[in-house]
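What follows are structure tokens for two forms of the same protein chain, given separately as structure 1 and structure 2.
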Structure 1
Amino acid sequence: MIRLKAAVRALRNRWFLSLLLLIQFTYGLSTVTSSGNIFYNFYYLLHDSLLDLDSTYLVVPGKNFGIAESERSKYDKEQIEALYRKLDQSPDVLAYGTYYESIVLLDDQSSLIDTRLLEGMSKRNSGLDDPYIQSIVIDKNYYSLMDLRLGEGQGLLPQDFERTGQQQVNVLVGSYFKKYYKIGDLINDQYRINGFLPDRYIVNNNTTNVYLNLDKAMLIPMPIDQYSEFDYMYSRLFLGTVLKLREDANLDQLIEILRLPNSKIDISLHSLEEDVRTNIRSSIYAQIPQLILAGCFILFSVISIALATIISILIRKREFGIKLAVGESVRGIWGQIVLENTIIALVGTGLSLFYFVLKFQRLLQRSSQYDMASVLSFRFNAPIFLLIFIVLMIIIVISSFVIYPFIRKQEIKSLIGGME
């Protein structure tokens, strides 16, 4: 406590140098935080997909997909079923499934739903005033393709895929809901929680490179009446078909299988891994200047702290000389200096986080509300705080070892003769 009070008093006495260091930490660490978010997103997209990146391919319609409505009358349910039977017989296809996006409106008048959950699921500027859960409705094949390993719960059952759309059904929800529900609880008196999803992401739109984080999402088994209804089948073919393929699969042949007879709609098969890597590559070049700035900040912070410390020692020669004369060790003096620099670094870190939140308030809010996985998702989470802590420790440790030889060289008689 005595050392802490002495450190605060010393910082107050050298307030101008302390202020300059605080400004540097505020802007520098905010740059590190924003770059850390981007590079964390790169890692997350490459390693935390619920679907295997290497083998997963998405059916993506071409730019002329607008003619799909006019072509719909040319086909029927049997032709689409025949198409999927060909996929079953193809040696290149290990598994496939279909899905579509949906939303589950939460009953905000129900006393059974926690008001904090309603607030957390409200998405401003989404066009909907009511809170809702972003959901993906999956068929039985897609559920098998996922090969889910749940930490809690039994998962979806075969009979869940045999129900009609209005019946109660087992669903899987993200970890966010653990605060409000347990296994077996009902949402809206219809969706029974039968498992909690891992904190990963999933494809929720074959035509975009933005994906859905599962922590606030819901997976719903597809009702049998929707699975076998032609209009649903037709739209899922182009917008919601996912395939798991062998490494050397013949993509051209598979595209021909997926194209309906005499269809004018262009389709292609996109590798999920390549889509993710393309998304990352398009952003990583823009981050190089930020990365250089972050590196320069670490370098300049070490130099600035070392210079400020040396100037402080020269100003306070008499103080340190008297301390050494009465028995204080060189390491004790060094420890005092390190404590002072650590206080500046911690206060600067707090200011930098405040500045980061202020600067990226809208991005943070959108990322929190919509919970999408992309290279531009900004958030505060454990990995980001860990990165900031590591950078802070690097700066403090390096600067501390830089100034130690200078402190050790000081002699009592030269210090005593200095000015306070």
Structure 2
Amino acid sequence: MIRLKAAVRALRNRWFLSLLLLIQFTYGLSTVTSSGNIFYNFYYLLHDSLLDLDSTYLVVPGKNFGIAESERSKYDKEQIEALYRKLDQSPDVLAYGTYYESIVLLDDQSSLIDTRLLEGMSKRNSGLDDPYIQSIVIDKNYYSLMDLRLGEGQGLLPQDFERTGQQQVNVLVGSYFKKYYKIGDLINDQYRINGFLPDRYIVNNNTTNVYLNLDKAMLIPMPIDQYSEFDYMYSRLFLGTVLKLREDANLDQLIEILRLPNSKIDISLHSLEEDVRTNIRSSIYAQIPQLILAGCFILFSVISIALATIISILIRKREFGIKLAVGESVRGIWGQIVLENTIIALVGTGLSLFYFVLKFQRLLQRSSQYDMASVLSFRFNAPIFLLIFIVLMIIIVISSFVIYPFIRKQEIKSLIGGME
């Protein structure tokens, strides 16, 4: 405690140097935090997809998709069914399915719903004031393609895909709901929870590189009336078809299969892995300036801390000389210096986190509200704090080892100076 007080007093005495170091830490560590977030997201995107990245391909319409509306009347349900039959027969296709994105408004009048859940599911600035659950409505094929490994008796049942729109149905929800519901509970008196989804992400839009985290999401089986209705089928064909292909599949041939007869709409098949990797690649390059800044911060903060400590020792050499003369060890002096630097580093960390929150306030808010998986989904979690801790340790340890030989070299006589 005495050492701590002495360290704080020493920092106060050299307030100008302490202030400079704090500014350095504030800017530097906030950059490390944002870079850490982005690299964490890279890892998450590559390793936590619910769909198998290697084999999953998404149907993506070209920029002339606007003509789909005028072409719609040229086709009928049978033609789309014939197209899917061809997919069934193709040896390249291991599985396929369709989905669409939807929202389920939570019945906020119901006393059964926890207010914290309603608060957690409210998305301000979304244009919708009522709390809602982001949902993916999937057909039976898509559910099989996902190959979810849930507990016994859990999951969606074949009859869930046979119901019509308003009937009660089994659903799967994200882990966020575990706090409020258990298996068998009903949401809105319609959706019976029959399993919890793993903390992964899923494609919720074939045309973007932002995905949906499943922790606050819901998977709903597609009602039979929507599954077999032409308009829904036509839209899903272009915007919600997901294929699981074998390695070296002939994509050109599959694109031809997916093209309706005489349709002018351009279609392409995007590998989910390639989409994710392209997204990551472009973001990695954009990270170079931040990485340079983070590297320079570590280098300059080590130099600054070491030099500021040397200056501090030179200013207080009589104090240290007397301490050594009355029996304090070199290590004790060194410990005192390390303690001072640690205090600076910890306060600097606090300031840097504050600055980070201030700078990325909107991004953090959006990430927590919309719960999307993208390279810019900023958050505070254990890996990010671990990274900050590691960087801090690197700075403190290296600067401490730089200072140690300098302290050891000091002699009592030269430190005390004119007092002999």
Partner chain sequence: MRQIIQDIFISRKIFIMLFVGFLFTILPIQIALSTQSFFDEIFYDSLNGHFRYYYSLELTNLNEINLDKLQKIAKVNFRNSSVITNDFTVNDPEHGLMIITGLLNNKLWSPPIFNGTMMESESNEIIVGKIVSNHAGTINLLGNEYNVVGIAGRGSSDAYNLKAYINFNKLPAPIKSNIERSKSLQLFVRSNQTPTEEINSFISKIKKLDNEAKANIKDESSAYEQAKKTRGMVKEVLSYPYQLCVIALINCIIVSYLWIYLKRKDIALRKALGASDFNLFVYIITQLFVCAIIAILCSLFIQWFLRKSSAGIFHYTSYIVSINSSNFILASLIIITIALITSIIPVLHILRIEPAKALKE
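Reference numbering: structure 1, starting with residue 1. None of these values were measured; they are calculated from a predicted model. For clarity, a rigid core is taken as the largest C-alpha set superposing within 1.5 Å between two forms.
Asks: Tell me which of the two structures is the form predicted together with the partner chain, please.
Replies: Structure 2.
Asks: Does residue 103 shift between structure 1 and structure 2 by 2 angstroms or more at the C-alpha, the core having been superposed?
Replies: Moves: no, less than 2 Å.
Asks: Is residue 150 one of the residues whose C-alpha moves 2 Å or more between structure 1 and structure 2 after the core fit?
Replies: Yes: residue 150 shifts by at least 2 Å between structure 1 and structure 2.
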